[in-house]
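The chain that follows stands alone, in the form predicted on its own, written as structure tokens.
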Amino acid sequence: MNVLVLGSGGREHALAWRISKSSKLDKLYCLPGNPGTASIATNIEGSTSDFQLINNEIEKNSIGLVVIGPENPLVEGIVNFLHEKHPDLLIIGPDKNGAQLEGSKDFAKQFMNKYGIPTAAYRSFTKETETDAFQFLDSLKAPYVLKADGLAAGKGVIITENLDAAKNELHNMFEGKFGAAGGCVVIEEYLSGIELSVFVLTDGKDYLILPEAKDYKRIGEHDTGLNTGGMGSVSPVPFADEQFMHKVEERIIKPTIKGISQEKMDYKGFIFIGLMNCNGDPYVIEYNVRMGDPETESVMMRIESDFLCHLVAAASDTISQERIKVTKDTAVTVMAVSEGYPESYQKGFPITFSENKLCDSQMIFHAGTKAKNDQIITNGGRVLTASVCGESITSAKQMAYKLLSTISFEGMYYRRDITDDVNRM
């Protein structure tokens, strides 16, 4: 089978890497891919928002399965578009209706309430109801949580301890701080606990639970500073034991799949459930309709069964027959970023790689890189990851930082405390 992975980040490199191990794979393509995917697949120039170009490449390269990495083309309806052109094409990703679970925070909260899925209490507001929103904020206790309804590149969530600051931020969101994404704002109760990312692969009726992970969103060590797209991840997560994951499956995964089926969503793909562990009970913070980044880099390191077979089964309504095999080892991912990220930063700096003998237990996944004049240069805020599997959290962490020490570029920064908190759990 010929497979096309859409996207250019570390998530897509990790997905492509795991798919490349399959005995069922004929040819692997990435659009647009990055220098990392170029070593395991054929990269195709283009944009994930150019649906006609993607369709042309599917026809040209006899693609049998399309794996859609990022959320934007899903929310924009790429699955609907491709299925109109090729009804029998296998696709990993929900249709436009299902993609609303990520594309609209308000839609997702209504879905959770309808199907009895535990989540924080909330109300949604628009600019026309700003006065009501202020009154609702007055009724809440700090911290205050504001979420732009639409996609905002992972930056649409504001949490503040100060009521006046919350009202000011809300006003700025209504005035266009996040563009159209902030036209509607969800204000919700603050949940206190430990975050966890749970990943499910579904055909819309049945599902496989993939390895869970914990990511690190803040730029600074000890979870300080601005939010980022993610500075690292670890899988498995010590507190996500059999008892806790049973609660997650019964209270969240099963009713989510039931809701997807009853709402008649054409949903064949990943469900990323962002959870909060509140004193041993799971609550949903948000849904994403694709894999997370940098969680994917850790999750893919732990899967031992044929991942392509799982994807084909999800896309063809036979996932109930699949059994996933996962190593008990721990995967740790540390993200190297450009100086200044997540605010302004420069790019175009050459990246130096020492002689690395990479293997299935140690990988460098490219995120914001670019090939230029026989060199690999920085091309984004999050540049690359060191992802490693080890027998324990401690050994995996040590190996990840050792691998990262063999890479350098001007302004390179990374957190040195990834996994320190889970070691104390």
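Not measured: the values here are computed from a predicted model. One-based numbering along the sequence shown.
Not pictured, yet referred to below: the form predicted together with a small molecule.
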Non-hydrogen atoms within 4.5 angstroms of the small molecule in the model of the complex: do I91, D203 and M265 all have one? no
Within 4.5 Å, heavy atoms only, one stretch in 187-195, 165-173, 317-325, 239-247 touches the small molecule in the model of the complex. Which? 187-195
Answer with yes or no whether V145 is in contact with the small molecule in the model of the complex, where contact means some heavy atom within 4.5 Å. yes
Contact label in the model of the complex: M276 to the small molecule, heavy atom within 4.5 Å: yes
Contact flag, E130 vs the small molecule in the model of the complex, heavy atom cut 4.5 Å: no
Wondering, does I257 line up within 4.5 Å of the small molecule in the model of the complex on heavy atoms? no
Only one of R251, R123, K177, K217 comes within 4.5 Å of the small molecule in the model of the complex by heavy atoms, so just point that one out. K217
Please tell me which of I78, I117, I285, A336 lies within 4.5 Å of the small molecule in the model of the complex, judged by heavy atoms. I285
